[in-house]
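Heads up, what comes next is one protein chain in two forms, each shown on its own as structure tokens, labelled structure 1 and structure 2.
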Structure 1
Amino acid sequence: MKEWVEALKEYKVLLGEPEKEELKRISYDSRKAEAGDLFLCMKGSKLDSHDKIPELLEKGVRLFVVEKELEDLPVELGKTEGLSVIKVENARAALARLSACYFHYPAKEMLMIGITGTKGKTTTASMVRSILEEAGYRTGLIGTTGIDYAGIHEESRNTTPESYTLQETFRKMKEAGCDAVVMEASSQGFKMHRTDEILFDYGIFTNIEEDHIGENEHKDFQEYKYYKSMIFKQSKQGLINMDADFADEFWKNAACPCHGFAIEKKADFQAKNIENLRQDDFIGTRFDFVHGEEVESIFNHLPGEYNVYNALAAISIASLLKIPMDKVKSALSKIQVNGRMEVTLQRNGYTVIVDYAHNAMGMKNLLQTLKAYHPKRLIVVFGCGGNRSKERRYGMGEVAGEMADFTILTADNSRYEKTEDIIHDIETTLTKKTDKYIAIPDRREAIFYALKHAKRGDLIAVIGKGHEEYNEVNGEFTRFVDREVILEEAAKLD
């Protein structure tokens, strides 16, 4: 029997002798399928690729994995010779199993660290990767900002890519010399079986709040929480933020040994004596990392308490891996995460930060964090995406009105709406709280205005786009990176 058939574990042969067929290539997109491929048919929310079988047969595909019985499949199957068809209960799970087999189980050849949570995944992953690389690990990174390894960057549509892409990426990382992978493991990744066949050496849980609930996501919070907890069924060891909501529940139900980290509660790893630090060339935090009798003073080059949690998770993993503390300190003292509380410019006594905050909750958390640094003025530059819920605009307008000393309203992926109309919606709640704002629809001009009028002691937050590298208007994408524009406009002032 062929190895790939055994990898399916549970299956039913409907036609032919698949056990004798070679696995030459895997396809699950009918547009890209070729003769000789094994094609997996899936029932999606909008498309059922079982319906594509007739055109796949015309392309020369003769090996299928399906989710339906023979009588429920297109009649063309019964009229075509030389077919092999296998039925499985879940084609997405089958795709993960076949992909891991096809690429020869690359995840087993590297140190695997998975991170899940509502907030903090991207920053924590970047911190863990930075520490690992400082310690000599050649490390790949997979997450919201894309795929990075060995100087290569690839874009990704999903925080956790499809299982085939994951396994293919692991193999490419290994062949490029990587011996470790740090990846964000989303709840959708677990639900859609993208992470199947991965056993993490360490699984990290950062926190959980109500999010990603709705059509094509999770039906309710209970389901969302369940899939977050799946990381501890796929890890050798777990690491849990014990200050997070439902942490005790996650700990109790974990299927692997776990360690805890916390600021407030007692845990294996703790952060104490937290200080916010701001100088002309530094903004961040200092805290004591406490593990048993060990106490180390840590400088984190990312501001805010929630970044202390992210750093604490990363240091805890480093401690479990017995990475020397001087390597940890060096990595965290210079960490930068694209679009996540990213200190982009410090000059003339003011600081400019880029952040991905793009809803009221994220914006409130960000502005609360920045206020703790007691800026002379807290200035926020933001807009809202077009063709999205107007509630986001109203919420962000209200938060800006309550918390910012001055607001500059501008564009942010207006899509098929007029930027001026979006700004008007934001103004309906903003103006109930303040009159200290200006509207400048052109985002570049808005950033220049903020820099030109900045004063010593100001903190300027340019938010909403974060790591994004484009601006979307009427279906057209043009390059626009907040970080780059800030530096370009600052150069004009020089």
Structure 2
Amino acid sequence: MKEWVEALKEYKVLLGEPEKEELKRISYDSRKAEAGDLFLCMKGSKLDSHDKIPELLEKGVRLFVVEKELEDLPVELGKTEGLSVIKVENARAALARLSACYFHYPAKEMLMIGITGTKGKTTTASMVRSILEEAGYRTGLIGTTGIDYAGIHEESRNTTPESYTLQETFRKMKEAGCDAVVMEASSQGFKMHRTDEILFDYGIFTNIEEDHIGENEHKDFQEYKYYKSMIFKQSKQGLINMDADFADEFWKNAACPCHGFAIEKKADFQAKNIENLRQDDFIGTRFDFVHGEEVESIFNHLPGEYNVYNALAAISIASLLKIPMDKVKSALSKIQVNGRMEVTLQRNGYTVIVDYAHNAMGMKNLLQTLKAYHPKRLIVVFGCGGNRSKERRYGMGEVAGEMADFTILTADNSRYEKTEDIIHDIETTLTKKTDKYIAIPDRREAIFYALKHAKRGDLIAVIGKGHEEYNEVNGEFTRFVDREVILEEAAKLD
């Protein structure tokens, strides 16, 4: 029996003798499949790749993993010579199992840290990685900002990539000398079985709030919460933000031992005496990290209380790993996360910050944080993505109306919708709160307008895109980096 067939665990052979077949290459996209591949068929949101079987047979594919009985397939397979067909309950789970086996279970060879939560995954992952690197670990990073290891950067379409990509990436990281991986584990990743076959040494839960609910995401909040809680079924130890909603439920249902961190509640790891600090070259917070008898003063170079939570999660992991505190402090005092609370421009007494906040919760946190630095006016430039939940538009419109002194509505990955229609959705809630706004659908023009009208003491938050390097319209991706555009448009004013 071939090892890869055993790795499938549960399966039914429909045709041939797959146990005798070599696993040469795994493939799950007909456009990339080649003769001799094993092809996994699955039903997606746009396409059911079982329908691609005739095309795949033409290409010379002879080994299939399917989710249907033979009689439900689009072609009578019994007529083709030399075929092996295996049926599984879930092809995505099978893909994870096969991929882990194919790449020889690389996750078992490294320290694995997974982070889930509605907000804070990218920032926390970046902080954990910076601390690990400072302490001498060679660390790979996988998340919304892409894949980074050993000086290599790869773009990725999803926060948590497909299982095959994950397992392949782990192997590449290991071969490049990594001994640790920090990755964002999205609820979609759990739902789509991308993270199956990974056992995290530490799993972190940052927080949960209604998000990612809608067509092609989660059916409802219950489902979203369920998939987030999966992290504690796939971790050796858990770390829970005890101040977060549903923290007790996550704690109670965890299948692994857990530790807590908190600002408000009592927990194993706590942050106390938090102060906002703004100096010439430092904007952020100072706080005491308290763990039992241990008290350490921490300077966190990212402003805002929510970044204290993110730092606290990272310091707690460092403490569990027994990393010396001087390494932790040094990493956090200079931490910078691409597109997350990034101070991009300080000009004529005003400041422009780029941030990835792209839902009501993130936006509210961001604007609250910036208000604590007492700007003359708080100006926000934003749009909402097309073909995504409309709730996000209403939520962000309401927050802008309540919190910003002036709002500039613009484009942000309109995809297959008209920017004007998306703006109109945002206006429905925004205009109930304020009339101090303007709609400028072109994002570059919107940024120019913000800079041209800025006054001394203003804080301008350009949000939603953060680290992104493109704008997506009708399936086309055009380079658009907020940081670059801000600097280019500012140069025109000099």
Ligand SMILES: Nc1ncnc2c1ncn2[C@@H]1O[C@H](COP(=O)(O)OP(=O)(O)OP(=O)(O)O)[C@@H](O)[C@H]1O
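All values reported here derive from a predicted model rather than from experimental measurement. If you superpose the two forms and keep the largest set of C-alpha atoms that fall within 1.5 Å, you have the rigid core. One-based numbering along structure 1's sequence throughout.
Between the two copies of this chain, it is structure 1 that is the form predicted on its own.
Relative to the superposed rigid core, Asp425 undergoes a CA displacement of at least 2 Å between the two structures. Here Ala454 counts as shifted, since its C-alpha moves by at least 2 Å between the two structures after the core is aligned.
Think of the chain as two rigid blocks: between the two structures, the small block swings through 19° with respect to the big one.
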